[in-house]
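Shown next are two forms of a single protein chain, provided one at a time as structure tokens under the names structure 1 and structure 2.
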Structure 1
Amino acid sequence: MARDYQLVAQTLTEALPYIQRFHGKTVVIKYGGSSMVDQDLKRSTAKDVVLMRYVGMNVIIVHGGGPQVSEVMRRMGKEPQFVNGLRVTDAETMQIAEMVLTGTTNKEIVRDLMLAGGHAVGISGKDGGLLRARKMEAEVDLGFVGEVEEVCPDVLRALMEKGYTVVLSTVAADAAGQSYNINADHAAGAVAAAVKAEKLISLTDVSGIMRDPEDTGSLVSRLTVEEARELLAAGVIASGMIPKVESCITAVEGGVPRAHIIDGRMPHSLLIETFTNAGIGTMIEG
């Protein structure tokens, strides 16, 4: 079948206002779910990011890698333990997490971006004192699980000014140099606020926020921060969606105009969200 070049032209024309709007602006993308596991999605997502960079957007990728850490732990004879969705992290587990997140997962994302024709640099929250951590206080001692105390974005700005896409693993240290593993969703929100990003986009394995998790037709396309807090308090937003929504709230309250939770299982979801009139998932704004 002949390609519909009129449709291609219409799509590019539709994208033009968004390209103009976001040229020179910074977007923080939280990698997660299938976008980090499925090989075809990894390649298509990398191409999306490279395209975003070539039309003039500054891109920071923040990633986790919990399943990958658990897999390596089991191979080393160590069974992962979780409390309220957070990994209990003793000294050995912290070493494994840093090895996997910074040494393997981070560099795989950099590789994918480079193979797609981009220019990427992988760093951790330790580099340049980018993230300052503190121990997370919880009802149960989780060990070396941290939260963001401070973001020092100078290294991010320096790399973006040189044309690099930054890939950030959320291992960080406290003032005494102790390493902590920080939830990547929470870190993404803090980073987006610190760099005054135009958008925070979180790639997930769900369509967005649902008023009824069992009803795909109950997708909420737009929420204010106040409405998002109400859904959190009511328990409508639960489990793994909690840190994603908290991340969006942190970003928006920190000056980011809008934050998005979108389905990363959809090929080219980043481009659909960023450059078309349709938009997908859930958008949270002030």
Structure 2
Amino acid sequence: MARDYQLVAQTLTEALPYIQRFHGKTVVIKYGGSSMVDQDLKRSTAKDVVLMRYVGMNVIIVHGGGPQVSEVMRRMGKEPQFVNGLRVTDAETMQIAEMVLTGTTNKEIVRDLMLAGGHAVGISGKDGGLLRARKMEAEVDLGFVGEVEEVCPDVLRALMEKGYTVVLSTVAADAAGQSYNINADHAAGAVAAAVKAEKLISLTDVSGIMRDPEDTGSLVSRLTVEEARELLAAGVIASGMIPKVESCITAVEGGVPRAHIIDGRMPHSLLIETFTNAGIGTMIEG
């Protein structure tokens, strides 16, 4: 018997230095991609988050949900349209997006956390005036696609203080009450900066930033903000990775010591990143 349990105990004590380092700190997790779709991954991610809470970390999960929105749109007879990867968002699309993100996706995550033994509260950017939106400026009018004008983190603090993990859908209103859909990566970066998070972790469907997307051996382990900007300018970071890297830059420039882009397809990647010295994915720092 003793053999296996010894391993358990040894593992726990090896995690101790990491637990100590993050005790009482806030971590913002951008949740998206496969880790939000695959049933096993969803369960393992929920367990990871609940564990992070129990060892003393405050966790804010910021989630997207584009595929789910598109699916409901199609069921309602409306074909999703995109320009440069951004969803064209007319009034009806906006309504569907809010309905799906805040009413379905958000509550599924809350439910998963509850089943894993956690205490979570799901809100949108409208609640407690958390996110103030403004229309995103773009060459083409994309409709109700917004960006974060201001973060008022009071409601996050009120909930974290009482031990709740917060799940956030990134729909927000402008001062006139008009709803906007905000890119979840961007919102996560702004929220991480506003709450002075200890780190931002972005769960993605890739291993991290690649110098050559075709070559998995070209993973970049560590980047400064400056280097990240250069890779963006050089086009090495492209397409869906762009908002993720921008989000990390926003966070780090806003005072978050480290931002991580990791592979959410790997089970327990959150725990491995947080409680081991595995050094997975790409870390961006100041």
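This one's a predicted model, so the numbers in the text were calculated from it and none came from an experiment. So that the term is clear: the rigid core is the largest set of C-alpha atoms that superpose within 1.5 Å between two forms. Sequence positions of structure 1, starting at 1, serve as the residue numbers.
Student: Which of the two shown corresponds to the form predicted in complex with a further copy of the same chain?
Tutor: Number 2 is right.
Student: Answer yes if the Cα of Gln20 shifts by 2 angstroms or more between structure 1 and structure 2 on a rigid-core superposition, and no otherwise.
Tutor: No.
Student: Once both forms sit on the same rigid core, is the C-alpha displacement of Thr276 at or above 2 Å between structure 1 and structure 2?
Tutor: Shift at Thr276: below 2 Å after core fit.
Student: Could you state, for a rigid core superposition, the Cα shift of Gln10 between structure 1 and structure 2 in Å?
Tutor: Displacement of the C-alpha, rigid core superposed: 3.0 Å.
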